[in-house]
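Below, in structure tokens: the form predicted on its own, a single chain.
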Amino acid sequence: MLIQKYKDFLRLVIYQIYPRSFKDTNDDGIGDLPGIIEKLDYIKSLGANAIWLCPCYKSPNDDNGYDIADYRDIMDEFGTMDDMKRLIAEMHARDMKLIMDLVPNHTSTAHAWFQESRKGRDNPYSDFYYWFDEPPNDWESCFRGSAWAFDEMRGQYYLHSYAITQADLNWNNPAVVKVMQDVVDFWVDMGVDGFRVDVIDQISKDFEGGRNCFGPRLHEFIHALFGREKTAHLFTVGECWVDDIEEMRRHCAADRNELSTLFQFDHMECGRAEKFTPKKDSLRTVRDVLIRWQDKTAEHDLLHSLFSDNHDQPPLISRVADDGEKRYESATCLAAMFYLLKGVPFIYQGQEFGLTAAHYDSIDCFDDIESINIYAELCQSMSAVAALEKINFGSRDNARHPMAWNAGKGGGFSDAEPWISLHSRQSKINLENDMMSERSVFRFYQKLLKLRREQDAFLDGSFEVISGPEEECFIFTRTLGQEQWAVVCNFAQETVIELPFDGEVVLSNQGRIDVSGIYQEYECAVIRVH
């Protein structure tokens, strides 16, 4: 069974914030820490009790903050360290926890460590990065092109798994392990309650196996960060593309003293042939992935993460459901499918009022370095119009447009020109409109999260599927002692569902009263079983 610390983590509901796009308070078109403080009561009212804050460290912003120039300072546009201290204090006063984004695989080439390292081979930072006289392999950057760049000053090539300005740290150097431990400790001393760890699988390279990840010392390095007495209490979630339960167990089994959990990304492939190419799909595919990982993590007593959206992915609703006429039904059905399972819920900003993918007619509306690079590459083999359709579908910017608080000129985000285009559907899909609607996605989320918080069966109860694999629905129960709940999510139009028990409908997105009968497309119901 899950140890007590992990059971306590099950009570977390984590709201993810992309600070650059959340709320601007000083009219520079960029979100900031005071804007987050201003909205803490809103987040609390939703039912969240923790925030995952995307990087807010000092950065040149070549990759929107994931290129860090100083791990111990705040980006000028976001505020000051005093603002950060106030954010932590205000959150703790509301009994909310702060999960910071830790980026241990690489730094900006503007970081002082890299600037010293490139000066030569006889300084203390010489081996902080991977340097070679010639590229030792043909690895490619995740943002296209070679992962090796030549530095004129040093006269050698360095590894950059992402942008050319993001140099990979050499964790084989004990000094790198020590400085990253110091970074973690710095923020723990500030009062931070946990970390989301960016591309954690890449901090150890497998040069012999030809992989820029899952190297032989990976778990040694993770343990060095989080297996210490000072960090053992933290909630930690790793970004790691693991599809093997044994590898997941090695990362986050309680006796490993490494991570609390991982993000599992199998369902992110639903609705697309590859990142920038859609394919016809349905919620059945998503359902099957969710079932598989509920069963696997339960078998191995692992803490699971529950999420449908994040800052790197276009909204799932636009890939596998209906983001048009049945947007309300789709958004609420997805919420019931994900957040009444066993695990730790993560809700991405805007998801709570049914925000969808955006669409633009010009590449100038995009900022993401990956999207811009791929667009240029695609234009060599297809028309600009066709290339732009692919970017509209798969761009990370889909999740990074300013938060749509209202239908006003700046969307309630800022009175100034925003750093990136407002969401293309902002005038219709925004929080204010949703709150005024009789069919409010936000209010459904509130009720669902309240149920989850108050009914222990949704936290630590067993999970059993009672719908068949060929059925166009997802019906499961959560049971703890004598308490049992059922969740029904229907995917097809006008489906007759006969449940093998009686009960009371406690939450429904269609005003349902009877537990059995005809369910409409994307209708969901939460039932207390008698």
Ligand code: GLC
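Sequential numbering from 1, following the sequence displayed. All values reported here derive from a predicted model rather than from experimental measurement.
Omitted from view is the form predicted in complex with the ligand, to which the following refers.
This chain is drawn without the ligand; in the predicted complex, the residue among D193, D198, D323, D309 with a heavy atom within 4.5 Å of it is D198.
The single contact residue among F143, F442, F221, Y125, judged by any heavy atom lying within 4.5 Å of the ligand in the predicted complex, is F143. At a distance of at most 4.5 angstroms from the ligand in the predicted complex, all three residues E239, R396 and R400 contribute at least one non-hydrogen atom. This chain is displayed without the ligand, yet in the predicted complex the stretch 158-166 from 329-337, 158-166, 73-81, 434-442 comes within 4.5 Å of it by heavy atoms. In the predicted complex, H106 approaches the ligand with a heavy atom inside 4.5 Å.
In the predicted complex, the ligand lies within 4.5 Å of some heavy atom of Y66.
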